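In structure tokens, the next block holds one chain alone, the form predicted alone.
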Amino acid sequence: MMRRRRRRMTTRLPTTCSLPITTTEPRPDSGLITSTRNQELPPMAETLTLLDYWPSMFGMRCRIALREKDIKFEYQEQDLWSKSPLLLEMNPIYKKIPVLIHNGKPICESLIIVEYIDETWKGKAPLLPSDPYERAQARFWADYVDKKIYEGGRNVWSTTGEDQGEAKKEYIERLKVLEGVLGDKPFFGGDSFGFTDIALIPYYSWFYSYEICANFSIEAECPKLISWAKRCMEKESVSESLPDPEKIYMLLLELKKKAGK
């Protein structure tokens, strides 16, 4: 009796398929690798550290800008007479504070740091004007503060006699220039607190020391400027960043003693 051979049935797949191809999304715990294309990755945690020294008007600028933008940061106090390895590593050229370290990368020089903060975190409280001319003017007067007000204040407290009299006169003249720029505006940029305000307001915490050392009143000479300073101090970002003027004066006495003045 002969057995019939079973014929093996084969099915040819068509070379083209008009049916839509669907894929099943693998479970997160399946161990399969999935493509990240067109998927939004979770943001990496940012690290932000400010190397600073509490009475520094340059460091105060950075503190104000960060707080004005409501940015959390780690504050690391520095000893300028015994500089830390971190400061020397992050600012090997000038070896000075302030230094802002953002995700391990250092940014140095206070006004550059303030601009960096404004450009990196644009969502809240813009510090520089959007108009190119107004932005240039803000930078110009901030630079004026750096070149004229810091040196002028130092000359007031570090000199005596006729030299101090000349230093005091010159300092008042420089402040009057800024008072003229301010005019009747609430802030240097108009209605909004901004870049030039941040550049100048830290010096307000040093005015008391200058006045005691040289026996004069800045408010009597520049009343509009002091009204502006008090207006700035109403902002939490400023009041939290400026130290007690009397504490600065006590430090200044120590500095003068060390310098033999």
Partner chain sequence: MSEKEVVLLDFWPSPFGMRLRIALAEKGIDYEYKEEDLWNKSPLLLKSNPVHKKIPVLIHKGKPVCESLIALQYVEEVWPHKSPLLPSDPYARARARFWADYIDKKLYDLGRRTWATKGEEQEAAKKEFLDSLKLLEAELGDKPYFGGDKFGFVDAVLIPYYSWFYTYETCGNFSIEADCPKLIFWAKRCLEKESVKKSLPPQEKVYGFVLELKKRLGLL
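Because the structure is predicted, anything quoted here is derived from the model rather than measured. Residue numbers count along the first chain shown, from 1.
Same protein, other form: the form predicted together with its partner chain, not shown, and the subject of what follows.
Relative to its partner chain in the predicted complex, residues P132, R135 and W141 are all within 4.5 Å by at least one heavy atom.
In the predicted complex, at least one heavy atom of C108 sits within 4.5 Å of a heavy atom of its partner chain. Residue contact with its partner chain in the predicted complex: K148 places a heavy atom within 4.5 Å of it.
Contact annotation for E115: at least one heavy atom lies within 4.5 Å of its partner chain in the predicted complex. Interface membership of E166, defined by any non-hydrogen atom within 4.5 Å of its partner chain in the predicted complex, is ruled out. Residues with any non-hydrogen atom within 4.5 angstroms of its partner chain in the predicted complex fall in just one of 117 to 125, 185 to 193, 150 to 158, 68 to 76: 117 to 125. For the partner-free chain shown, I93, Y94 of 81 to 99 come within 4.5 angstroms of its partner chain in the predicted complex, judged by any non-hydrogen atom.
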